[in-house]
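For reference, the chain that follows is the form predicted on its own, supplied as C-alpha cells.
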C-alpha cells in the first residue's frame, strides 16, 4: 500500500511539469514585476535544464506559439536565440521543426499561419539563429514563384506578401549582409507588381470614394511602405526587439542554415487567400493634440496594424481580455493607440467578403473599450455590405448606449438616398432588440417619417367593409373551423367552395393552383396565429399537409410567399422567419423564394435590408443541404472502404463471393442513391444561382435601357444598391459560385452583356485568378 502514492506521484509529475512549461512559455512577455529581459533569461535557464527530459514537448510548444501568438513574435525569437546560444543542437532541431510546420501549413492551405512562421524564421536572423544568406535563398525561392506559368495570380501574391511583410523585421540585417541579392529581389518584386492585374479592387473597396482616405490594394500599399523603409535605411522605430539586450551573448552563437525549401507546386486543391484592400479611417490630422499617427505609407503603420489584428485573433473569444490586451499594446504612449484600435476593428468589421469573426464580437469589444477608457475613443462618422454591418453594429450599440450621432441632415433628403435609408434600417433593426413603442418613444418626432411601421398583421377579411371580396364568406367559415381545431380534411372540404379564377386549369379535386384558395387559407391562418413566432410555427406544422397541397405547383409556392408578404409587410422580421420556416419544412423551395424576391410585387421593398437577409439565408440553406448530402456520401464510401480493408486484412477469411456481395450490397446501393441525391441537389443549387443572376441581369438591363432612352443618369441610388447587391452575392458565396463559373460565363455573363454588369463578373473572376 505504501508504494501506491509514490507510483501515483511519479506518473503525474511529468504531466505537471509539461503543464508548467507550457504556462511559462505562453505567459512570458505579459505584465510582470520583473523586466522582460530578466524573465526571458530566467525562462531560458529553466528550459535548458528541462531539455534532456522534455525536449520534444518544448519544441512543440515553441512551434505552436510561433504560429498562434504572432503578436509576441520577437519575444519568442529572443527566447529561441538564448536557447540556441546555450544548446546549438536544440537550435538546429527547432529550425528543422519550423520548416516542417511551414510545409505542413502550406500543404493544408493554412496560409495565414504560414506567414507568421516565415516572419518568425526571418526574425531568427536577428537573433543569430539562422544565417542571413540562407534566409535570402529562401526568399529567392519565394520570389521565383512569380515566374511560374499557368498558376493563379493569388499564388504569386501570397509568396510576394510573405517576403515583403517579413522585411520590417529583418530587412536591415539582410541588406547589410546581402545587399546585391536583396536589390535583385526587390527589382523582381517591382517588376511583378507592375504587371499584376488589379481588376478585383473595386469589388473589395469599402468606401465608394478615395477621399479623404485612399483605399489601396494591399500589395501596392505594402510595397510603398517597404520602399519608404528602404529609403529610410531600413530604420524601423516600433518593433519591440528584446534580443538587442542580449547582443553580446547572441552574437557568439553558432548559426544554422535553413534546410532547402522549395515552394510546394500548385494543385487543384490549393486555396490561396483572397486579395484585400487596406481600410483607412484616420490620418495624422484626426488627433492634432496627441502623438502623431504614422503615415499610411510608413512601415510603422503596417507593423502596428498587423499586431493589433493578431491580438484580436488571439483573444476574440474573451472580450475583456481582448480589450485589455489592445490597450496595453507596447509603445502606446508613442502613437494615438485608440485611433489605431478603432480603425483596425472597423477594418475587420467591414472586411469583404466577410469579417474574420462574428459581427456582435466587434460591438461587445467596443463596449469594453469604452468601459476601460470612457470618452477617449475617437468618434466615427459606403458599400451596401458595409451599411448592412454598420446597421447591425449601430442597432446593438444603440441598445447599449455607446453610439450617439446627429442624423438630422438626412431628413432633408430623398428617403431613398443612402443616409435616410440607413437611419430607417438601423431603427428597424433596433426593433428586433426592443419593441415598436419603445422606438417611437426614443426617436424624436421629427424623425417619424423614418420610424418603423407598427408591426401588425394586415388581415383583409377581418373588416366587414370587405364583405364583397371573393372568398370572404369562406374565410369566416375557415376562422371558425380552425378555432374549433378542425382536421386537414375538414379544411380541404371548406376550401372546395372557393372559386378558382383560373377555372380552366382546375382539376376535379380542386387542388390545382388556385390563387384565391391560397389567399383565403394563408391570410386566415396567419391572422389567427399572429400572436407570436411560436404560434405561427405551430400553425405551419399543424396544417403542413394543406400548405403542401395548395403549394404543389411553382405558381402555388410563389403565391404563398406573396400572401405572407401581404399579411406581414409591416413586420419584416416575421416575414424573414416565416420564409425560413417554410423552406425548412419544404412548403416552398429556394428557387421560389428567389423568384419572389425579384418579382414586381416586391419592387417597393427591393432595396430593403430584410429582403437580402432572406435571400442570403436561402442560399446558405441550399448550400448546407448540398454539403450535408455530400458528407453522407463520403461517409458511406468510407464505411465501404473500411469494410473492404477489414476483409482484405483477414487472411483466414473463407467467405465465398456470395457472402461478400451480401455484405457490400446494401452499402453500394446506399452509395448509388446518395450519388443521385447529390447530383439532384447540385442541380438545384446551380439552378438557384442561375435564377438569381438571370433576374439581376434582367432588372439591371431594364434600368440601363430606360436611363439611356430617357437621357437619365444611370447611377441612381437604386442602381448603386442593386449593383452592389450583385457584388455581395458573388463575394459572400464565392466558394460555391466558383464551381459554376463556366456555366455562368456561357449562359449569362457573355461578351454581349452591358459592360456595367459584366464588370462585376470580371472582378469576381479576378479574385482567384
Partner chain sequence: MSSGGTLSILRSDSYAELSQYRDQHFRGTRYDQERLLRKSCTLYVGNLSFYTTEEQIHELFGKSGDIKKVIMGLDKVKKTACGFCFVEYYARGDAENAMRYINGTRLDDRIIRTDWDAGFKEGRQYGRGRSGGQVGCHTAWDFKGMVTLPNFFVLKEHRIISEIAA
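Since the model is a prediction, treat every value here as computed from it, not as a measurement. Positions refer to the first chain, counted from 1. By rigid core we mean the largest C-alpha set that fits within 1.5 Å across both forms.
This protein has a second form, the form predicted in complex with the partner chain, left out of what is shown; the following refers to that one.
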Answer with yes or no whether residue 364 is in contact with the partner chain in the predicted bound form, where contact means some heavy atom within 4.5 Å. yes
Under a 4.5 Å heavy atom criterion, is residue 318 part of the interface with the partner chain in the predicted bound form? yes
Can residue 586 be called a contact residue for the partner chain in the predicted bound form at 4.5 Å between heavy atoms? yes
Residue 720: touches the partner chain in the predicted bound form, heavy atom cutoff 4.5 angstroms: no
Work out which of 600, 448, 680, 532 lies within 4.5 Å of the partner chain in the predicted bound form, going by heavy atoms. 532
Using a 4.5 Å heavy atom cut-off, which residue among 64, 701, 732, 743 comes into contact with the partner chain in the predicted bound form? 64
Based on heavy atom distances of 4.5 Å or less, which listed stretch (300-308, 246-254, 424-432, 440-448) is in contact with the partner chain in the predicted bound form? 424-432
Counting only non-hydrogen atoms and a 4.5 Å cut-off, give the residues of 566-583 close to the partner chain in the predicted bound form. 571, 573, 577, 581, 583
Once the core is aligned, please say if the CA of residue 755 is shifted by at least 2 angstroms between this form and the one not shown. no
